[in-house]
Each structure stands twice: as structure tokens, then as C-alpha cells.
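To begin, one chain is listed below as C-alpha cells, in the form predicted alone.
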Amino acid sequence: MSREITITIDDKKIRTVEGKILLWVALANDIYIPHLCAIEGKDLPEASCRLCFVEIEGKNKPVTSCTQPVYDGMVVRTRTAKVDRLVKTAFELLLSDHRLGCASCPKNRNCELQRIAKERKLKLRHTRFKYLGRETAVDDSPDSFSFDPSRCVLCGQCIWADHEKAKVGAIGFARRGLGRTVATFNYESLKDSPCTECGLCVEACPVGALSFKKNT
């Protein structure tokens, strides 16, 4: 049986249950930590977006809060010089492979990248790292939604929704490194894939990569 414990996040005392994941404990207590790839309930967190770093008293270096279980007496800082530097670098790296243009994006004002930028006072533009600018075609084949890979942040939220919620398995990650992308089997169009157009992947997308069509 899990026991109740007390932890401290940014000087706020919190009662929680031992072993819970720190990110979800913080968010449940109105303490915002940037994140894109974290999925509550997933057994093995990806920790791929590198945005949810925090510092924990007694540890030599920052850790990703999406992989860190809580324990009694834990003292956490979500904002330190080290954490802010890591989050800023991770954010800028994400933007280097993300087509900007918020005004024309279907997720404008409801985008997780915009929220992170606002919360951490980061610039939504390509600064240190140049935009890769790879040519990617928009898959407009479904009747109800579109997929624009140039706006994808590879968080895996749509894949989780497709596999674990919809139980379809129409999409997945393909290739590695800079060529990594979300795709259907054999790179066929979504219309030609097993996709049922249930819309769960679109609802899961935190940015403007997947969006419902206006007539939907």
C-alpha cells in the first residue's frame, strides 16, 4: 500500500503518494512545468522533448520530472539557472525543426509551444539555431482533418491516442535522427491507411500539426 508523503516544490508543501511521478504531482497542484511528450499513465516515459527539467536537492544535476518518482522530504526547484538554460536550449532546438507562422496556424492561441514561450519568457522565433526548412507535404486526404509534418514536434501524443485510445495503429514513428517523422505504414496517405478518422489524434496534438478542417 502506497504511503502518504510530503514534498516541497518551489517552497510549496504538498501532500501526495510515494512513487507518483513528479511532473503530474506538480501539475495537479497548479505548478507549471513545460512538457510536450509526457503522457500520464504511460509505463515508460519518452523524456524526449527535454523540457520538463527540475532541480532536486541532493542531486548533482537537473532531472526530467516526467521520469522522477516522488519520495518523502523531496525538495524541488522548477526555476534555477541550470534548469532555465536547459529548457531554453531544448525549446530552441524544437523550433529549429518547426515551421513558425502562428497567425496562420490552426492552433494559434491554443498551442502548447505558445504557452511554454509565455510561461518561460522565451521567443517564438528561430534565434541560435537556424530553421532546418525541410520540405514536407501536407496530408490533406482525410475528410475531417489534415496533417502538416512541418509543424510536428515529435511528441508522440497522436501515436499514443491512435494506439492506446482508438486501438487502430494507423500511425507511428518512422526513421531516426533528423529524418524522424510521424507516418503511416509504407508512407501511404492517411485516407489509404487503417485510420478511422475518429479525431482522437487531432485532439491529442499540442501544436498545429494535426487540425480539424473548418467544415468538420
Partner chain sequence: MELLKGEKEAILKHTKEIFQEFEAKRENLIPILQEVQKRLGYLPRLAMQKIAEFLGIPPVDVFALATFYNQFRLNPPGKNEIKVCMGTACYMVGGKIALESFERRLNIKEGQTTPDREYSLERVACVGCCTLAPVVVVNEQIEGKVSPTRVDGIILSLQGEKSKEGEEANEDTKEKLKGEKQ
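Small disclaimer: the values here were computed from a predicted structure and weren't measured. Positions refer to the first chain, counted from 1.
Here the subject shifts to the form predicted together with its partner chain, a form of this protein not shown in this document.
- Contact here is defined as any heavy atom lying within 4.5 Å of its partner chain in the predicted bound form, and by that definition each of G169, R176 and Y187 is a contact residue.
- At the 4.5 Å threshold, heavy atoms of I31 stay clear of its partner chain in the predicted bound form, well away from it.
- A residue is said to contact a partner when one of its heavy atoms sits within 4.5 Å of a partner heavy atom; I39 fails this definition for its partner chain in the predicted bound form, lying far away.
- Using a 4.5 angstroms threshold between heavy atoms, H163 counts as touching its partner chain in the predicted bound form.
- Using a 4.5 angstroms limit between non-hydrogen atoms, L27 is distant from its partner chain in the predicted bound form.
- Between 45-53, 65-73, 177-185, 147-155, the stretch whose residues reach within 4.5 angstroms of its partner chain in the predicted bound form through a non-hydrogen atom is 177-185.
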